[in-house]
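Taking the form predicted alone, here's one chain by itself in structure tokens.
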């Protein structure tokens, strides 16, 4: 493949799944209008969702899902050893995701309740970066294919890319979306990192914070404001803990 008339080496990429729904991986295989160009820019050597091929010879590893078992720890350490660049893909990989909610319970008791006399191995859920060194994190549930493509361009050709520093609220204004607080809904938009184009507020759901905290998120002012609007600590904590990205900012 040529870029600006210069032959470029197609980096070998591998995509791996840990604990999660694998929806972020499906995002990579969607968006047909750019899929051919995307695949032309890279060489996919390991990606169970789209190919039966398997190789340990790769440059960039995308890891989707959280870590919740000992065998996943071992597998992740091997991936880290092989990868020149390791990317945490999606909210589960970046923060622990929805699965991290189980950490609030007694795991032995929950195991017995669900599996009875056939308990399954389980550990407290961790993000990928809590187990191995991560070079880049792409948050979202699921990730934005547009954003992933821009980041791949950055990794391959050094095309400048920066995650937005502003919160989701700005993207709501750009879309002319009526603020969900005006209709009485809780929303984490004021403290969540933008980059998703705010689909949840536009759909009338409010932001659930899947992309984690915005740069210099003013959590103190946010909590003051939502309390003034009548939301309780339990309601706020439930929303902020849903994807695991606000663990240190919970009320």
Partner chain sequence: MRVDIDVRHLARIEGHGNIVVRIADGDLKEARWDVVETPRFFEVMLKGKHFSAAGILAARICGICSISHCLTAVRATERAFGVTVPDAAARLRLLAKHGETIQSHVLHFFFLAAPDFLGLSSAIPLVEADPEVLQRALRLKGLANRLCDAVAGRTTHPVAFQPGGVSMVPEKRVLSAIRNELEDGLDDLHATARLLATFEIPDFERETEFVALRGEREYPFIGGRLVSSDGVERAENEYLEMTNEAVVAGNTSKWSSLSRESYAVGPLARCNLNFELLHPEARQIAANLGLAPLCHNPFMAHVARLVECVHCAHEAIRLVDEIVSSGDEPAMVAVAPVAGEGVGAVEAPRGILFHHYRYGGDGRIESANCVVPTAQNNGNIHRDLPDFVRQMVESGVNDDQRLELLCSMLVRSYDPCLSCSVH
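This one's a predicted model, so the numbers in the text were calculated from it and none came from an experiment. Numbering follows the first chain given and starts at 1.
Not on display, but discussed next: the form predicted in complex with its partner chain.
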Which of 200, 60, 223, 186 has a heavy atom within 4.5 Å of its partner chain in the predicted complex?
200
Examine residue 72 and determine whether its closest non-hydrogen atom to its partner chain in the predicted complex is within 4.5 angstroms.
yes
So, in the predicted complex, is residue 102 in contact with its partner chain at a 4.5 angstroms heavy atom limit?
yes
Within a 4.5 Å heavy atom cut-off, is residue 55 in contact with its partner chain in the predicted complex?
no
Since only the chain is shown here, I'm wondering whether residue 21 would be in contact with its partner chain in the predicted complex (any heavy atom pair within 4.5 Å).
yes
Does any residue in 205 to 242 get within 4.5 Å of its partner chain in the predicted complex, counting heavy atoms only, and if so which ones?
205, 208, 238, 242
